[in-house]
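Just one chain is shown here, as structure tokens, and it is the form predicted alone.
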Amino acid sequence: MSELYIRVAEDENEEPMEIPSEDDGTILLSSVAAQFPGACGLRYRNPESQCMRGVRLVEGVLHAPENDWGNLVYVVNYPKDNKRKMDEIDAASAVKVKRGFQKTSDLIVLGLPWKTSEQDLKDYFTTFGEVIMVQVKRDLKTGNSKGFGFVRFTEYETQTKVIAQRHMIDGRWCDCKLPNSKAGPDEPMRSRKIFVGRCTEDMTTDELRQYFMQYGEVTDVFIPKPFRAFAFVTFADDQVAQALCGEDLIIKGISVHISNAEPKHNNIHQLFPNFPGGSASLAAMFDRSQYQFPSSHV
């Protein structure tokens, strides 16, 4: 049988490509896969029933239906896993394109060494991409660094790359992340305070203060007595506190959880049902200490 070409397409609505047949009128699957990588077979639409039919495949050889390929357009089959993978790639590409149009945001840089200047910060982050703005937060009276700052990039891809890793700046590991939204103007103290859960009894206020100073200026540390496995830490700036919320940090080899400190006295009895004196006693302790209880206790 003389060589002929079979019309093959990736989809019924796409322009077909001609694939050469073998001398016996069959088509090698490898010939199809050479033009359509990943192909595992062919199918076609039956002119009479309008249903899709599969082409017989035997040991890598495709056989013509009823010994005649005709003028039909044959559609490529792909493994389901391969198709799903292609769909995922397409979806990832769509997300990437979408992100390309997203605007960048100010990122908070936590744990800055006291000596780091704005020029140092700019020189470091410029290695990732174009920098729009850098700022090191300083005390208004002394002019000393508060241990954190802000950076903003031109490209969203650069921002994503920077957030995804830790940064060694002037000999210290620093974290760069999106600040959580601030509390309202009528709640300035709430946004500066964090709840530190899962503390151990050997943790002291001085140790907690020393640990959290790497993220910013600490104004107060409070550990309730009797010990209840949690503490409160207050920062000078609310954005440092909010940026740490939701994090799991390692202190003295123990994983502690950071969350918002919010007044939820009505939930205290649910969280500490066995507290001596009942919920009223616990609530009174929080009132005296001027600390608020978190919305969730971990």
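Just so we're clear, the structure is a prediction, and the values are computed from it rather than from any experiment. Don't overthink the numbering: it's just position in the shown sequence, from 1.
Only in words, not in the display: the form predicted together with the DNA, which the text now covers.
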property	result
Residue among Pro224, Pro79, Pro113, Gly129 with a heavy atom within 4.5 Å of the DNA in the predicted complex	Pro113
Candidate from Glu155, Asp106, Asp220, Asp120 lying within 4.5 Å of the DNA in the predicted complex - any heavy atom	Asp106
Interface segment, criterion being heavy atoms within 4.5 Å of the DNA in the predicted complex, picked from 121 to 129, 157 to 165, 203 to 211, 142 to 150	142 to 150
Contact of Pro179 with the DNA in the predicted complex (heavy atom, 4.5 Å)	yes
Touches the DNA in the predicted complex: Leu72 (any heavy atom, 4.5 Å)	no
Partner proximity in the predicted complex: Arg198 to the DNA, non-hydrogen atom cutoff 4.5 Å	no
Arg228 within 4.5 Å of the DNA in the predicted complex, heavy atoms	no
Residues in 127 to 141 close to the DNA in the predicted complex, defined by a heavy atom within 4.5 Å, in order	Met133, Gln135, Lys137, Leu140
